[in-house]
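To begin, one chain is listed below as structure tokens, in the form predicted on its own.
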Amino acid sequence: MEILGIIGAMAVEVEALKNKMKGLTVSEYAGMTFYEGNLSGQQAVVVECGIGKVNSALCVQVLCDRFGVKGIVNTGIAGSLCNDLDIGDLVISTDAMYHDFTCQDLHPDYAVGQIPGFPVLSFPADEGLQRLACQAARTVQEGAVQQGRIASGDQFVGDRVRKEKIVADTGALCTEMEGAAIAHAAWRNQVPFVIIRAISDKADNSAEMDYPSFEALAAARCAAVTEKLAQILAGA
């Protein structure tokens, strides 16, 4: 792959990747700092986009317009929506959708997450990147690795009632605050993407206790998989 864009929302999600890059060039656009260089043999641009859907979508557009990336990886942490996913386990996206977007008061037949005028309810990840991300994950990951839908919204999910509604509305394996917007922007730009998320909490009433304890562990595991994916892409 010519240039790979790697996006994390927070410093903890991208710091390890930045530190392993060689031949760094640093630039700033739209209030974000972009680190361009070589990561495990793959030319890449690593960026901390900031939390939330607007920040992440804006970041994708900069990566496309300014750097001409040919693929995008979103790396980071997420809350589990699945009983089979524990702290530190990994989810590789098959697709991503919004759990906090609804037009049902105006259009009762519209599903949660459905954007009027769009031909898709969820944004499909690139099959090739999915396959290679799973290969990378199973090489470096000690825990479970699952493929499935990721649900995003501008809210930290920390209670069981909200968690159960998101599961009912989306059928997603995990929830976070950026992936669907990254997928949306990549889809609009016709750039392949995949989301790699490590579970940091159970997205329920235990989240307040789990999150501070396991954030760094989950982020480190996800970064290790992303680095391995870059290495695989470099040799492809």
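Predicted model, so just to flag it, every value in this text is computed and none were measured. For every residue, the number given is its place in the sequence shown, counted from 1.
What follows is about the form predicted together with adenine, which we do not show.
The candidate spot formed by V46, E48 and N74 lies out of contact with adenine in the predicted complex, as no residue has a heavy atom within 4.5 Å of it. The partner is absent here; in the predicted complex, the one residue of V60, A203, I196, A172 having a heavy atom within 4.5 Å of adenine is A203. Heavy atoms within 4.5 Å of adenine in the predicted complex belong, among the stretches 128 to 136, 156 to 164, 88 to 96, 114 to 122, to residues of 156 to 164. Adenine in the predicted complex is not approached by I150, whose heavy atoms all lie more than 4.5 angstroms from it.
At the 4.5 Å threshold, heavy atoms of A185 stay clear of adenine in the predicted complex, well away from it. In the predicted complex, none of the heavy atoms of L39 sits within 4.5 Å of a heavy atom of adenine. With a 4.5 Å cutoff on heavy atoms, M177 counts as touching adenine in the predicted complex. In the predicted complex, adenine lies within 4.5 angstroms of at least one heavy atom of each of the following residues of 67 to 91: I77, A78, G79, in sequence order.
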